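Given as structure tokens, the chain that follows is alone and in the form predicted on its own.
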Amino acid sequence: MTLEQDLTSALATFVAARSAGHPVLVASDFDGVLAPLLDDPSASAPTAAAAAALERLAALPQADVRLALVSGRDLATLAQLSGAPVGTSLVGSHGAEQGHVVAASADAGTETPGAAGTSSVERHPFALTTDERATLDGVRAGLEAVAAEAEGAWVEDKPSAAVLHTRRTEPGAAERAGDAARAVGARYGAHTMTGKDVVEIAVLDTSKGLALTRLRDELGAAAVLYMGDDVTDERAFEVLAPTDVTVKVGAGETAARFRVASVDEAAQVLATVADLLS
């Protein structure tokens, strides 16, 4: 598999931007980028090629490259499903949670190719205020009522948000449920994000763009590569510099500089960066 020449050239320029004390930051969404989208989100796992590329990048000196996964998943679930290598920064719940992998499970890598083992994560401090907790309880109850009226819909709990999933719901009913979910968010004055077959309502104002900017500053990164597939990833594409490398995976309008067609090509992007850094 060969990437387009313009993207390959941009990756070479990206790698060359690193300098003493300023590594490059390789960051990616998980679902739809490293792992194929599934009707059962709990069964998601990185492809064998993506897992191998992540391991290669993690094995390189941190003075040259840092690795991050930025996801709408809560931090614990992201660690469990991704099996991310030691040293990887994890950003969960669209930026509300952050941590880094300090150990891999003993059985990581012993299952089928691409299957993830749970990673042990050191969390950054995180807590909701009493008012935020009360608002989240109300939002969750509201979404549960919406889901009860839409066959196949369900609600996912996160530390600072509740999410309505409609991937298994008939399209017309899913559209009505999405409208009702957004009305719940408006009623509570919460922060509503609409993605692929999901409506997420959060009590904290976060985004992948804010999280990636914060992580870049913390690491002193010379340049950032970010790959994403969903509308929530556009917030990250939009805040990164024109000299950074932004890659949209799949179809749809985007602010990203480049596009690849599939999770297989996304894995090839990571492998190409590892080749260039090696």
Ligand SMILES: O=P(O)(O)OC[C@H]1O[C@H](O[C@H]2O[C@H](CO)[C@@H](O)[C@H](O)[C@H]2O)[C@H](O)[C@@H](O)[C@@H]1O
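Bear in mind that the values here come from a model prediction, so they are computed numbers and not experimental data. All residue numbers refer to positions in the sequence shown, first residue = 1.
FYI, the form predicted in complex with the ligand isn't displayed, but the following is about it.
- Checked against the ligand in the predicted bound form, the residues 175, 197, 132, 144 give one hit for a heavy atom within 4.5 Å, which is 197.
- Contact check at 4.5 Å (heavy atoms) against the ligand in the predicted bound form: none of 66, 218 and 235 pass.
- Mapping the unseen interface onto this chain, residue 150 falls outside it, with no heavy atom inside 4.5 Å of the ligand in the predicted bound form.
- Taking non-hydrogen atoms only, residue 31 approaches the ligand to within 4.5 angstroms in the predicted bound form.
- Using a 4.5 angstroms threshold between heavy atoms, residue 167 counts as touching the ligand in the predicted bound form.
- By the criterion of a heavy atom within 4.5 Å, residue 158 is counted among the residues contacting the ligand in the predicted bound form.
- Considering the ligand in the predicted bound form, the lone stretch of 121 to 129, 159 to 167, 178 to 186, 136 to 144 in range is 159 to 167 [heavy atom distance within 4.5 Å].
- Residues 29, 30, 31, 36, 37, 38, 39, 41, 44 of 24 to 47 are found to place at least one heavy atom within 4.5 Å of the ligand in the predicted bound form.
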